[in-house]
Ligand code: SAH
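In the form predicted on its own, a lone chain appears below as structure tokens.
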């Protein structure tokens, strides 16, 4: 049977893709359908066809899945932030666990994955300690803020995201009211005009501290003292800042940040370790799950107090400081100079002395020190960005020959690719544990214990 654009078909959803889209077949022809979940029978309009598959738009749910639930957020379908709110949380966890397993099998070449059960949340809402709200105008010329619609830069007006903390709504109301009162224009991305681009909010779950940073297409904000005085009355307000970003493009933060009121950071904890968090700091957005993830990384590192550990892509030193309490020495490498400085400061803040941090690319610093004979590692920990590890770095890890590698991943596809490379270099996967740091979305973290083969010791 031939299928064509705008054809309407009935489809039963049998699987879900990496972006949360439903997958079903009609006469052997595979369709990917956004907003459909496993078990649904839906009516869909075909939007694009390829040789043996196509993409369709959900037009009607004919028979809802037993796993379908009513999204808590009324904008869940339009907003690009959540992909899975219509799927019951236990099935979200099953979907993510299966995605990790399949990637390790199909990309990583593993026949049997030693998978531990995914670690989920008791309350999978209001978990984010960081939010970045774009600010713009709607078609009526009114100031709006919220989040971008999926794959666009069209703002879905919503001041009450169910993944963020309730304080966000209070701050947004105050800032938007101030802009309306003084006729302060939001940024127009197409023209490069207007002043206010984004509002960044960070919250310390343990300390209750709040940081507010306005990102501007300019160097000053009208009547900022009045706005700061109003914001400062909110419970927990600790820092009010301006960030200057006059560049065109999608980068949110500029290089210059100015303190308006309070201190230039907030403080929060992971277990008993204290961290200072500035607007630019990389800090995991789900502190409750981060504690579980780092505990799992520490468990997989299997430290006795005699080991030298290299922590690559170390950020502000969060994992490094966890490991340092159980290791002889930890060396961290981080590409962002400010983050490396923050890591050193966090070590001092927590009185941790057996750590050393290097600023630069891990794939350059590690081979350089390895070549000079300066590097020994019993355990290597990697926590790379979504693109995974650089091949040059993996080559160096294999040459160094640590007993164990602990891989912390935010993308199981690139994890699987890198695992395959390490397995070809004489290592084998011992344990895999997915951790749901991002409920309601398709993203998940994963911690993997990788052991050197006994034949290569």
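Every value quoted in this text rests on a predicted model; they were computed, and no experiment measured them. Positions refer to the first chain, counted from 1.
Heads up, the form predicted in complex with the ligand isn't pictured, but that's what we're talking about next.
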{"item": "Candidate spot 315, 335 and 383, all three touching the ligand in the model of the complex (heavy atom, 4.5 Å)", "value": "yes"}
{"item": "Contact stretch among 241-249, 228-236, 383-391, 112-120 - heavy atom within 4.5 Å of the ligand in the model of the complex", "value": "383-391"}
{"item": "is_contact(residue 282, the ligand) in the model of the complex, heavy atom dist at most 4.5 Å", "value": "yes"}
{"item": "Proximity of residue 363 to the ligand in the model of the complex, heavy atoms at 4.5 Å", "value": "yes"}
{"item": "Contact test in the model of the complex: residue 319 vs the ligand, heavy atoms, 4.5 Å", "value": "yes"}
{"item": "Residue 203 within 4.5 Å of the ligand in the model of the complex, heavy atoms", "value": "no"}
{"item": "Heavy atom within 4.5 Å of the ligand in the model of the complex - the one residue of 300, 294, 357, 133 that qualifies", "value": "294"}
